[in-house]
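Have a look below at one chain only, the form predicted on its own, in structure tokens format.
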């Protein structure tokens, strides 16, 4: 993907451009609802090129204030039998200054790139937030990595309220919060969503990878992503949409790899989706394929747009 730049002009002709696919995160319009999830391009090396492969938007990072090498290897596993990935990467990052220089020096479509940020204290996270906001379309705040020690501090509602109050008082761009897939009790996650909405943030990503123990990882535990987590993603998107208003953004992330997956999430209340493991297993043209099929299904089923499908509970057409 890093080597596709000379061909980007030609790749743009492969993008599916159609008004029926227009999607929104907050008030920001994107050409389609398929996003590249944070973690696949941690240091802004390929995000801009994924846009030319048909993705509507991309999330770069997660970005930390200082350089971090992450957890020791082995820290990334593939399980081909169920198309899953287990990672214990632990936020490897080149650091804020390096990423800022890349954003500033390279040609960037600012209206389609989000920056994922995180850290273990408010001051460090706020510095990333403050310095990156002018360079991107929005900020995704990651407080949910299952393989990074210390982030659970922000699962405490009082700590989360304090953090979000600081950010929302200063923000100039949409703020999306990436939440954990589950806590001690499912209702605890619901309370976190309500906290995010009440803070004035634009929305949530549901959700990050699922905590898992695996002896093949150096640290013995990490996060599971891919097909095994999709049904949980769908369940939580549907449940959370019922407790928030339709102006609040929900991005479905976890196990998305087919047109049916995307359809069901949007029909259940997701404004958009993010893909990570699906890119690994299906290849970089996954967004192009899904968008092409969505457009054709809309046409054949007389559905005008993503907006009409949103929260409609319409079943995926059986012939597909």
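Residue numbers count along the first chain shown, from 1. Note that the structure is predicted; figures quoted are calculated from it, not measured.
Absent from the display: the form predicted in complex with a small molecule. The rest refers to it.
Every member of the trio 37, 142 and 229 reaches the small molecule in the model of the complex with some non-hydrogen atom inside 4.5 Å. Taking the partner from the other structure, the small molecule in the model of the complex has a heavy atom within 4.5 Å of a heavy atom of residue 207. Using a 4.5 angstroms limit between non-hydrogen atoms, residue 264 is distant from the small molecule in the model of the complex. At a distance threshold of 4.5 angstroms between non-hydrogen atoms, residue 195 is out of contact with the small molecule in the model of the complex.
At least one heavy atom of residue 89 is located within 4.5 Å of the small molecule in the model of the complex. Between the small molecule and the residues 32, 277, 271, 47, the one pair within 4.5 Å by heavy atoms in the model of the complex involves 277.
The listed set 85, 244, 132, 212 contains one residue whose heavy atoms approach the small molecule in the model of the complex to within 4.5 Å, identified as 85. From the list 289 to 297, 23 to 31, 47 to 55, 251 to 259, the contact stretch for the small molecule in the model of the complex under a 4.5 Å heavy atom rule is 251 to 259.
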